[in-house]
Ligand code: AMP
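One chain comes next, on its own, written out as structure tokens in the form predicted alone.
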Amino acid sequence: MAGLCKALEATTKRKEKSRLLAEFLHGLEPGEVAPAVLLVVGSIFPEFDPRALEVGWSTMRRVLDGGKQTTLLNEPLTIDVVHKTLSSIAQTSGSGSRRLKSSLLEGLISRADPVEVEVLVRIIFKEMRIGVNEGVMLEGIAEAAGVKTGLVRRALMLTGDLGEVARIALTEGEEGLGEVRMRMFVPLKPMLASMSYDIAEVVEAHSGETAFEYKFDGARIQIHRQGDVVRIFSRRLSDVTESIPDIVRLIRESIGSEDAVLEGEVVAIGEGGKPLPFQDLMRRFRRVHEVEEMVEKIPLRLHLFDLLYMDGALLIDEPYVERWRLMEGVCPSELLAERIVTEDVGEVEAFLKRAMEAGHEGLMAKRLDSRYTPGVRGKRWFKIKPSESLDLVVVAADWGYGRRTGWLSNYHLAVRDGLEYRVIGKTFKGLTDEEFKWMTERLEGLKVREVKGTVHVRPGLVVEVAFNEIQRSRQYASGYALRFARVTRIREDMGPGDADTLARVGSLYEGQFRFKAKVEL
């Protein structure tokens, strides 16, 4: 497996990666398939499994510095041994757990050759850097099993377990994948949307009449209800039920079906009923103690926008309009996302303005006949968000990996503060391959030092950066962070003295609260 990871890292070609993965999977024993697939994508457990290794860099450094590799005296490492050991580390807690975790790690490291050590470290810290995301792995599984990728993707949506889907595909083939069924209280993978900044383009892509819903500045959730039992999952399939008991109560009291899976968004509400910024909402999702006290401090509002299952029937293959019709039949209208159905661009622009003035992010555009499909950003759903931009100075950049190997492509962005430059965020998004190459050459010419894969440069290059929101942050020297930052233009016409100031960032931040509320905790 370590050899596979190095081979995957060495190629940027997606088809070659799929071929390498398929060839590797064919050579495994049935019991090795599930753990191997998870390890290759840098995981140990399925997404919905809350277990975590909780191993820090300091612990790993001590193990690496103190461990003596005695590979010749030990049995070679196997996928099964590695996965079981990492699982044991995740399950270790309580008094003495730190020492036991270190001991288990030392046992692995002592049996690993240098390449295996590198891959183990990458797995442990979820930094594989081999260009294999979930989509590429699905293609590799499909090629290995001789089935269509869509069938594998659907099975993953229904189970949320990439390893188990791979095992079924390779041992039971198309028939086994076709028999995969949704299970209540196991979250389904969410459908994704593409980004658009052009309403007319969306209407054209959807061939006319389209459903436009408010895009809320909240957290996407999936609600499973069976009788009085309600479990709620985040967009990343984590169980957040205990953190939002007010939403659980609302579902029990308000939803007409006792056997349903609903999807929606929760928004934190502040003074005057205005939405609070996203980071305030996250305080609710992370809270595990004194939850009811936080319910009072940060109330939530629920907006439902899809129905995926009801009364024993899976609805993901039904068109959007039918799912919405069924949802209207069991959900109070005040809980449904505000929406219009139209092909009139002017009407949508007015609706977008209303959404923004209500403190939301923008709009969702959904094709009326769209089925609910997981994990692919196609043209069935679009996000429409107006964006602000800042002219920022690049003060450092990280060497890329995967497709961006060999390029400086994760840029540390800063605003002017008198004679100083204060970092406000990082991004690798927005540029073409040619622009990555140009940026690398330009930044190497500005280099002042390099530390652990990060090249620090003297201020000399300005880029225009679009973003959707400014947040308070202790992580960056500016005191702020940009949400969904992406480079939109290289400003060769500007010098660092022309970049935006920290004062302007503060002004933009405060301006957000024309339509949003603040909360003091």
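When you see a residue number, it is the position in the sequence shown, counting from 1. The structure displayed is predicted, hence computed values, not measured ones.
Another form, the form predicted together with this ligand, is not on view; read the next lines as being about it.
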Review point. Does any heavy atom of Met364 come within 4.5 Å of a heavy atom of this ligand in the predicted bound form?
Key: yes
**Study point:** Residue contact check: Arg225 to this ligand in the predicted bound form, 4.5 Å heavy atom
**Key:** no
Practice item. Spell out, yes or no, whether the shortest heavy atom distance between Arg129 and this ligand in the predicted bound form is within 4.5 Å. Key: no
**Study point:** Contact test in the predicted bound form: Lys215 vs this ligand, heavy atoms, 4.5 Å
**Key:** yes
**Study point:** Triplet Tyr421, Glu464 and Leu502 all within 4.5 Å of this ligand in the predicted bound form via a heavy atom
**Key:** no
Review point. Hey, of 253 to 261, 378 to 386, 169 to 177, 285 to 293, which bit sits against this ligand in the predicted bound form at 4.5 Å between non-hydrogen atoms?
Key: 378 to 386
**Study point:** Interface residue in the predicted bound form among Arg220, Arg231, Lys437, Lys429, criterion: non-hydrogen atom within 4.5 angstroms of this ligand
**Key:** Arg220
Revision key, fill the gap. Heavy atom within 4.5 Å of this ligand in the predicted bound form, from candidates Leu192, Leu368, Leu104, Met182, belongs to Leu192
Exercise for review: Determine the residues of 258 to 287 with a heavy atom within 4.5 Å of this ligand in the predicted bound form and present them in sequence order; the list may be empty.
Suggested key: Glu265
